[in-house]
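Take a look at this one chain, the form predicted on its own, written out in structure tokens.
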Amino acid sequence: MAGFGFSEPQEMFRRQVRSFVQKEIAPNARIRAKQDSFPPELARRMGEMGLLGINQPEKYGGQPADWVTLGIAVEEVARGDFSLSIVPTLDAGIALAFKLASEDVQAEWLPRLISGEVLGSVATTEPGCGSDVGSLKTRAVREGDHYILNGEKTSITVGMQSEFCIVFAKTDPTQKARGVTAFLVPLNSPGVHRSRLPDMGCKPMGRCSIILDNVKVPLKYRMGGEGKGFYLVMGQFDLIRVNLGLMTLGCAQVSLEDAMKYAQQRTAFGNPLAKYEGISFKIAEDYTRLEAARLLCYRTLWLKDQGQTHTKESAMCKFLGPKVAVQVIHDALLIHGHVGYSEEHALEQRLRDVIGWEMADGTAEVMKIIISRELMGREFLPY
């Protein structure tokens, strides 16, 4: 990306993933969008293709790569099935948490995660607490060689299908961020109760709430030391937010391509729609916005590959990507007219899907707080 383009290996990987997506993921995506879960075999196929082990340890089934390559995988899968692209996005963030786990715990879970055999999720948000991680109410109390967890988590993406969840809980209620600890919680544990949230879009992602009622978690499943959970979740967010942006942009890009084809074929008053500036200028503007947002996302992943700070840039990706994608897909729907408004076309589903990403892992307003903090300093934070 230093030369503002993909390297030859990255470009070859992009072509391979696009071919795979067109053959195995894009077909029936509109049917799956109405269902409540992913077909397990598609997650396993992505694992076989190496899309879930990018930049992960080879001894657990991963392969050496860079974070730009992960972004390519996420964007290309999102072109074919927006909901399914959450799998490589979440897996990459969850794998960061596993770096703090013991070798035994990594060996127990990482090979199955990388192969697509199991899905994982992250539980940060609570009914009364979203982006303010320091205000979590869920408690974890140590009793000998285990912890007892009590509390409620909500808005957990892929929560209904996950085998395990990375749960953030307070081990020291007298502290704010410094009192938060992360735990791996198998979701078949006694005391775990899940309930689906009936969303307007992204139904296969199975967003849910989880009640933790005296859930016993072995000490070995603590991810890092006590009080280190806040810093772990911040590191996850910096990576996940960029890829959430790329998810929306991949979905918007294929929508714009659909709109361009339709505008070239559909006629009105004797001419193709594309001949009218009211249509062609809208397409030109949307293409420009998409290209600018994509460059921002890939530059941010490139910064991560260089080991450079990218918190500000990550927040910019998460703020701008969904905003641009919603506008582009909305415009594409309007260009299609009543055809795009019908459930028979993918556009109405894509629009409902990406709207959810304007809130996921932090709203645009929270992203702007992060950006301004990084630009001007913590002394100008509103809290």
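All residue numbers are counted from 1 along the displayed sequence. The structure presented is a predicted model; accordingly, all values stated were derived computationally and were not measured.
One more form of this protein exists, namely the form predicted in complex with a small molecule; it is left out here, but the text below deals with it.
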Using a 4.5 Å heavy atom cut-off, which of 118-126, 264-272, 210-218, 287-295 contacts the small molecule in the model of the complex? 118-126
Just to be sure I understand the contacts: of 280, 131, 189, 150, which is the one whose heavy atoms reach within 4.5 angstroms of the small molecule in the model of the complex? 131
Selected contact from 155, 138, 181, 161, since only one has a non-hydrogen atom within 4.5 angstroms of the small molecule in the model of the complex: 155
Assess the spot marked by 356, 360 and 369: is the small molecule within 4.5 Å of a heavy atom from every one of these residues in the model of the complex? yes
So in the model of the complex, does any heavy atom of residue 365 sit within 4.5 Å of the small molecule? yes
